[in-house]
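In the form predicted alone, a lone chain appears below as structure tokens.
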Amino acid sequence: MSREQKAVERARKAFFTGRSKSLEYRISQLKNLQRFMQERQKEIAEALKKDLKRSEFGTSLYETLGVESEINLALKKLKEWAAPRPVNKSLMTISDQVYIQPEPLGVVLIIGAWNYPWAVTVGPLVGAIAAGNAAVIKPSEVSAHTSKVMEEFLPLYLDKELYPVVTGGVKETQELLKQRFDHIFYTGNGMVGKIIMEAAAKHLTPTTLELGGKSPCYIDKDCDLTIACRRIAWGKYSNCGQTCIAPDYILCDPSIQDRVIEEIKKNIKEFYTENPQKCPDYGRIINQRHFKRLMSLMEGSSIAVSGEHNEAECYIAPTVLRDVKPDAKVMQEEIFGPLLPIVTVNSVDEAIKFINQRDKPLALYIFSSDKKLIDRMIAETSSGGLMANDCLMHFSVSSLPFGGVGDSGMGRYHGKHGFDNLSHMRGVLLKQLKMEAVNKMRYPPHTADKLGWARFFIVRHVDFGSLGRMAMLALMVVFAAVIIQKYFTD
């Protein structure tokens, strides 16, 4: 067997022991993961500095704090999430136990991404552990130093049979995808997402695909441009623009384009100094392949701010492009870098039409003080998530599901949504071998009279309170007596 196949088989064998199903065991593993994130901060930060030139404080702010928050929430809420969930009953099931029981799916494959390797690899792992699954962890080979830290240190804290780390590149990922899993969780681009789905289809394996796309940012000409542009500049240029929910392009009225450019330019200087290349808070493009891709995207567009670059360092300064045409090269694919195109539109109608003519994005941003305009944008567009008057922050809200729609992905995670996504919601109905007279209406021979009784009991859905349940139980006894009298004395 290959190394990858052995890892999957060990994880499945460990899952079948049943130890991951115990709430106590899940809690112990989550606490170990929490301890790992706290004790290995230095190794995590050093690896990300080598991979993305991210600062130590940036690593905590954008990655590890969010994961720690997810772990804390899971520890606090796990017993509640894993408990049976009562559901409404019909008259037919008033005396029965009817509930949903979350149960583990089995062995989950988590394929992480390189841009936020801890948030999008360990983040889903929190949900997998909380839900009682085994998980094979495949970090991205692109962030090589971070991948090495995961491979070296995670097995020291977690059950290495239940949660093996498999490193490597395309070949290793392809070998993993040949194996049977109970769920595959992938974060990355749409092209690879289609390959993941094709491989998963061979085993009818459900998938969660966290992809991306061109997330629009509409600026209302009457909003506070100073604050709007400050928040947009932060959202766009964090992690050197390599964020799946970064504002991909701006839509605004031609009359405010110059002001938007000046405000963003001012904030670039404030955030990253006059020389971002020397600023410790400004990162680098992950590798030269992506550097060259980004440089080619600028072809044919007018640079309004910066455009400075250094291939040897994989450095591209925070850049703004003006008067960008819809058919420009930079508008044909997700940018995933520090290039911010501005496309002018003459009205909100035109902006909505522009958005709806393209693939559904992972995020949609609108800056406006007009609630009616915001409500209209919500009602008339579709996206994985929507945020008004800020960027990125919806990712940090654990009570909101995070995920895409259409070409931007499927499935969701964060908090309870991650637990539910990686659980099977098993429907349970527990009856007793009593009150058989009530069931006589469903047994042959079928008659119009029986159908009438069945319609009364089955079609009506009532939300019974405690007093209502007692009353209906009494009513059921009366009905049973009537049925017994009618059918058993005939």
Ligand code: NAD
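Quick caveat, the model's predicted, so the values are computed rather than measured. Sequential numbering from 1, following the sequence displayed.
Below, we refer to the form predicted in complex with ligand NAD, which is not included among the displayed structures.
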Tell me whether Asn115, Leu177 and Gly188, taken together, all sit within 4.5 Å of ligand NAD in the model of the complex, counting heavy atoms only. yes
As a check of understanding, the residue in Leu321, Ala128, Leu109, Leu362 with any heavy atom within 4.5 Å of ligand NAD in the model of the complex should be identified as Leu362
Let me know the one among Ala144, Ile94, Val192, Leu386 whose heavy atoms come within 4.5 Å of ligand NAD in the model of the complex, would you? Val192
Hey, in the model of the complex, is Gly169 touching ligand NAD, heavy atoms inside 4.5 Å? yes
Using a 4.5 angstroms cut-off on non-hydrogen atoms, would Phe336 count as touching ligand NAD in the model of the complex? yes
Flag Val120 as yes or no: does it have a non-hydrogen atom within 4.5 angstroms of any non-hydrogen atom of ligand NAD in the model of the complex? yes
Any chance Pro139 has a heavy atom within 4.5 Å of ligand NAD in the model of the complex? yes
Interface stretch in the model of the complex with ligand NAD - options 204-212, 261-269, 154-162, 73-81, non-hydrogen atom within 4.5 Å: 204-212
